[in-house]
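Listed next as structure tokens is one chain, alone, in the form predicted alone.
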Amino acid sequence: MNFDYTEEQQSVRKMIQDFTDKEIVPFAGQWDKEEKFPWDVVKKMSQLGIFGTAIPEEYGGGGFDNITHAIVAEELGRGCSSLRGCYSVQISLVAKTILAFGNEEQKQKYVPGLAAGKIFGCYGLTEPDSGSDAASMKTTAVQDGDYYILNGNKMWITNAGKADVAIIFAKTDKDAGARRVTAFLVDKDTPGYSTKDIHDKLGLRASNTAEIILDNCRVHKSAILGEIGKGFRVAMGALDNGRYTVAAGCVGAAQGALDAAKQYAKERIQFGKPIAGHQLVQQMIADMAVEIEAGRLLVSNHLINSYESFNIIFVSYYINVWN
């Protein structure tokens, strides 16, 4: 079994690595301290086609596979989890969800712009008193002729304060539990739709996070994503896509921590030599490297099925980790 990346995947990884090292790593700490959403870097990501990597070519994307999608998320996560979150929501939760459940008109209206970074999206499921438990959500959508009137609040929504379109989940029958949840595509300029940024977070401070307020927000029935009452399936499908890039981004964050640990171990002097020369430190670094590689393989849907294979990887990293 060959675990190596294809030439195309390696090329994308190199491009994203270089971009991350130059445009993200030197500034991520400051963005986090200042709660600064880095619009200038997001625009550069758009220009490089990063948001379109995993979108089909017929909708303006690069047409790359899911492994490449994970590579992009990992490298962004290595540099800044906030930017990885922006990417995950834009593509995994919004663009891919519209591709999976939208009609052709909806796909043509939104996906090319999302892939190009010309418009941004967010995913409005979580509420002050509910998360993925859609049965307990309180946001409602009451039919009024060819329109639905949405009322409620969504909380902790990544990209919401910057988004041009939101996938909003609401109950079309407030007493029917998850069976009557419906998904809607709501543009930011829709009357009754507004957002309020959330500040002083404990983490991901450079990510835009906001509350969405729906106050008699009137949307046409053509904005329904999928089928009426089938929104729970849309929500869970989107979350499955999102977890994939979250996992890849976490591998990237771990890789960034390993890189920093290796550099520190080479510079820190103890008992007359760098601590990288001490066997216990070497073992700790090697353990980190093995676990990161195992996580990377799991994200890529490759499983290490034998103890022998695991030992081969361990020995290889133990020997080469300082190179």
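The first residue of the sequence shown is number 1, and the count goes up from there. As the structure is a prediction and not an experimental result, all values here were calculated from the model.
Omitted here: the form predicted in complex with a small molecule. The next part is about that form.
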Residue contact check: residue 218 to the small molecule in the model of the complex, 4.5 Å heavy atom = no
Although the small molecule is absent from this view, report whether residue 184 comes within 4.5 Å of it in the model of the complex, heavy atoms only.
-> no
Residue 124 near the small molecule in the model of the complex, any heavy atom under 4.5 Å?
-> yes
is_contact(residue 235, the small molecule) in the model of the complex, heavy atom dist at most 4.5 Å | no
Out of the stretches listed (141-149, 218-226, 126-134, 186-194), which one is close to the small molecule in the model of the complex, meaning heavy atoms within 4.5 Å?
-> 126-134
Of 253, 155, 247, 119, the only residue with a heavy atom within 4.5 Å of the small molecule in the model of the complex is 155
The small molecule: the contacting residue among 109, 174, 201, 230 in the model of the complex [heavy atom, 4.5 Å] = 201
